[in-house]
Each structure stands twice: as C-alpha cells, then as structure tokens.
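Let's start with one chain on its own, the form predicted on its own, as structure tokens.
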C-alpha cells in the first residue's frame, strides 16, 4: 500500500472543526493507505508552553484520537519526540533551503504576528522539520486542506534539492486533498472555527452537555451565522430535518431556537460514545503509553533505515 503520513500539534482539545477537517478523514484513510499518524510535540516548542502542559496536552490528544477512531492495528501511531531522526534530518534540510524561502512562508508571518514577543528561530525553520516529519519515512502522500498546500510544496522543493545535490532518494510527496468543510466560528461566523478565537467559538469533543447547549444558544444568528449552524447540523443531524430546515430558512420561516435545540441534541448524541471511550482510556494510561511505545518502535525501524542511507549520501557515515 502507498505510504501516507500526517501529524497534529498537542495544543488543546480537538474541536468539531478539527474532527471534520482532519481526523474523520484520517480514520477513513486507514483503510486505503499504509498510514502513520504522529503527535507533533516538537513543533509545540515554538510556543510558550510549560513541560507539564505539553505532557498533559499530548496525553489528552492521544486519548482523543484513539477515541475518535485512530486504530493502532491499522496505522503506526506515535509521538514525534520518541523517534530519533526527525530533528537530525530537519538540520540537514535547514542546510539546503534558503532563508528567503522560509521567510516567505505564510505560516511564519502568521505565527510571528500571533506571538510577537516570541519570534524564535523555530518558527522560521518550522517547515524544514515538517519536511523531515514526512520524508524521514519516505512518505508518498500527505492529507491536507487547500490552505496547507504551501507547506507541502516546500517539502517537495526540499526533496528536490536533496535529490539534486546528492542522489535521488526522497519522493516528491503528493497531497491527498480532502473535501473537508471549513466550519466557521460560532461567535464570529466570518472566521474559521479556531481555538485562537476563544472557547465560545467552537465545540470541543470533550465539552459536556450543558456547555454545548450554552455555546450553541449564544451562537450568532445573522444570515451567515444561521448558514453555519445549518451546515454543522448537516454533518451530525437528521438528513430529512436538515432538508426541511434549509427550506424554511430560504422562505424565512426557520425558527433559530428550534435549529439550535436540534443542533445541540445532534452534537451531544454524536459525542456521547466518543466521550465514553475517552473516559475508558483515561482510566488506563498504561495502555495508552504502550500504544505510543509500540508505535514508536515501528516508526523508529523505518526512520533508522532511511536515515542511515541519508547519512551515507551526505558523507557523515
């Protein structure tokens, strides 16, 4: 099977936008590709985060992903920092890519603006580590949204530069574009659902019933806001009810209170089995840690083989 890889940063709990935009797709891809999924904890160090926060958020994220369907029997599931080779290959790539290319990256500009008091070198060289995350395993495919194409293209450029300077070794990775929805914020439907907009902007998969109801009750209901709520309902609610509510909206007969009640109920029902699995996994941290350890062993075996070849090619082995 063709090799596919993707990672996710442990920065707070997953929300419905993350689920529909990435995780749901990952779960489906497990049946079509040889998949590796990892927790990108090294990337988190570019932010101001304490050791305890990083440790807890990593554990929570692993639990969340397992509860939502990432299957260690189908995929290699591991923590980035547990596999030796990511950082070393990143340094090799840093020596290939011009600074000007990195400075042009949208992500660098956005993150620098978001944390102006912490514009560290890691933010600039972030794409080199992303490329290493992918190419260390000689992955052929990466699932991405349309807004992530720039990052993947730089990984292709880096692979091309390495292949030209030394010898052809790395594949030019291809995107697996998903038709995932772009869910908008509950309290600001002009912007994408995001943790950066505050907790009122999204539904986290760990949110309790009363929190979900409160957030949706306060959701903006201008024209764009109602469209956003209807779209959200289309993924979790009853298809016939959604069709009827859409017709009512078009004729000006839709009652927003009813829409919010139905949406709250649909999301709560969807999240109940996931939250039950989360509680079960949290009671057994040794099982969670074993899954990560086993996954790291599998990933390390691949990484060792490929990095050994790279070291020979560049003349350090």
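Residue numbers count along the first chain shown, from 1. Treat the numbers as computed from the prediction; the structure is a model and nothing was measured.
We do not show the form predicted together with tryptophan, though everything after this point is about it.
With the partner omitted here, the stretch from 246-254, 39-47, 64-72, 271-279 that lies within 4.5 Å of tryptophan by heavy atoms in the predicted bound form is 39-47. A residue is said to contact a partner when one of its heavy atoms sits within 4.5 Å of a partner heavy atom; residue 133 meets this definition for tryptophan in the predicted bound form. For the chain shown alone, residue 144 is a contact residue for tryptophan in the predicted bound form, at least one non-hydrogen atom being within 4.5 angstroms. Put simply, residue 298 is far from tryptophan in the predicted bound form: not one heavy atom of it is within 4.5 Å. Within 4.5 Å of any heavy atom of tryptophan in the predicted bound form lies no heavy atom of residue 234. Proximity to tryptophan in the predicted bound form, taken as a non-hydrogen atom within 4.5 angstroms, holds for one residue of 81, 94, 140, 148, which is 148. Here is the short version: of 213, 107, 120, 188, the single residue with a heavy atom within 4.5 Å of tryptophan in the predicted bound form is 107.
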